[in-house]
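Single chain ahead, written as structure tokens, the form predicted on its own.
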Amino acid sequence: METYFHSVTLDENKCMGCTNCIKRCPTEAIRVRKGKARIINERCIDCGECIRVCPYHAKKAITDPFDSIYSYKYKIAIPAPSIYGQFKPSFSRNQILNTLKAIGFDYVYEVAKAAEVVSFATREIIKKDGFKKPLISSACPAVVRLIQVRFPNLIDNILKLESPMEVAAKLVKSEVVNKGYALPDEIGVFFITPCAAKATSVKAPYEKERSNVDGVISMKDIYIKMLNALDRPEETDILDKAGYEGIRWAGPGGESTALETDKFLAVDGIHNVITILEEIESDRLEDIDFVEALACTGGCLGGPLTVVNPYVARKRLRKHVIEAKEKSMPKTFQEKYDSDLVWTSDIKYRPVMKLDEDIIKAMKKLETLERINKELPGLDCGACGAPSCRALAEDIVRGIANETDCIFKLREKVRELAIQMAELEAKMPPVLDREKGKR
């Protein structure tokens, strides 16, 4: 089976074998075996839900270390708009952006600016009315991976436009080269990310061969450096050029409200997203042209690699949105880059749920799975190390678990053995089995 890079990994030394992660994983990609969690790579969509819920911080995201920027002669930062919500409202957007230059970057370009380009392109697609409804935003890579794994019938509904991150990287590289600041092979573009899924989409892009982004740095890793730099009052450059439409992308509904239509639905939180995707798949979602689906609760402001509580961050972001009302991107600039946003390749269904390559064998295994599932208690307690009784039944059919992994089935087996032992203990060997009073 085809594999791809995963940014979400496990630190076994910190894992205590609790079941928090297996109960929250939206694709049942985690099992607990021998007292440690195990991630099934084929199922993982790098949503970061396990990072969020692990009380022992055993799940972590692989991102690039800050020092990796020095591998390039000309270092560019493209921060996600959610970064503005990480700092106190007393700091201006321009101050926040200038700190990135203060800590080592040569150039800064707002992803929020590229988000406006994507919004414009999306509006044009919706106006043409020749698309499969509803369109599902492709901005969240975890949602796209989820559709690949669990909702293959909805692949054609995905909006096949590059993400603001990719557009920003493409635009800023062109801008820097045109200004004569650096040659293409001297440039390193680094995305400042609020989530693990973006790191995966850079290392293993699903919509093209290679990402425009050269590295991904976690907001958590860069936050202290930026906070220290904010103490310096220097604002040498005007960097806050994005309009409010792009900044709003950081929170739920930000992408949708820029589309000039009320036929949209915005949903955040991976389990809520699954519910809506089920509605779409069952054709129960009416009069909706566009669905903005974000894996993290609170949108990108609630990403597992952010620092501030998403509700606090949303309040802080509101101030920047208000201030940016007069800085919307000129329409001519948007139209200029509308043509090359479409994906260069199609994403494919990743059938990780199938039981066997042979359809006949798969059907027989499914019958066995259903029978085993009916015999299990149906409590979904997680004590077996699987997230549900059905997941355990699937593991048994796949040959990676036993029926006695279920504590209730184990007790039944022990009880049966105890009864058999008692019956055996009462029996006498034939040579000693004599009736009383007889010689």
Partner chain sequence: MDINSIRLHYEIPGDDFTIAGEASSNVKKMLNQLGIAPDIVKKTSIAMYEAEINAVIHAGGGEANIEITGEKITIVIKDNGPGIPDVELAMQEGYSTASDYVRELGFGAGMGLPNIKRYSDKLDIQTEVGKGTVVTIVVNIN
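The structure displayed is predicted, hence computed values, not measured ones. Definition used throughout: the rigid core is the maximal C-alpha set that superposes within 1.5 Å between two forms. Residue numbers count along the first chain shown, from 1.
From this point on, the text means the form predicted in complex with its partner chain, which you will not see here.
For the candidate set 322, 183, 363, 238, a heavy atom within 4.5 Å of its partner chain in the model of the complex is found for exactly one residue, namely 363.
Contact with its partner chain in the model of the complex, judged by any heavy atom within 4.5 Å, is made by just one of 175, 289, 221, 278: 278. Comparing 162-170, 207-215, 261-269, 278-286 against its partner chain in the model of the complex, the single stretch with non-hydrogen atoms within 4.5 angstroms of it is 278-286. Proximity of residue 343 to its partner chain in the model of the complex: non-hydrogen atoms within 4.5 Å are absent; the residue sits far from the partner. By the criterion of a heavy atom within 4.5 Å, residue 390 is counted among the residues contacting its partner chain in the model of the complex. Shown alone here, residue 228 lies farther than 4.5 Å from its partner chain in the model of the complex, counting heavy atoms only. The shortest heavy atom separation between residue 307 and its partner chain in the model of the complex exceeds 4.5 Å. Site residues 25, 380 and 405 are none of them in contact with its partner chain in the model of the complex, judged by any heavy atom within 4.5 Å. Residues of 149-165 lying near its partner chain in the model of the complex, listed in sequence order, are 152, 153, the criterion being any heavy atom within 4.5 Å.
With the core superposed, residue 374 shows a C-alpha displacement of at least 2 Å between this form and the one not shown.
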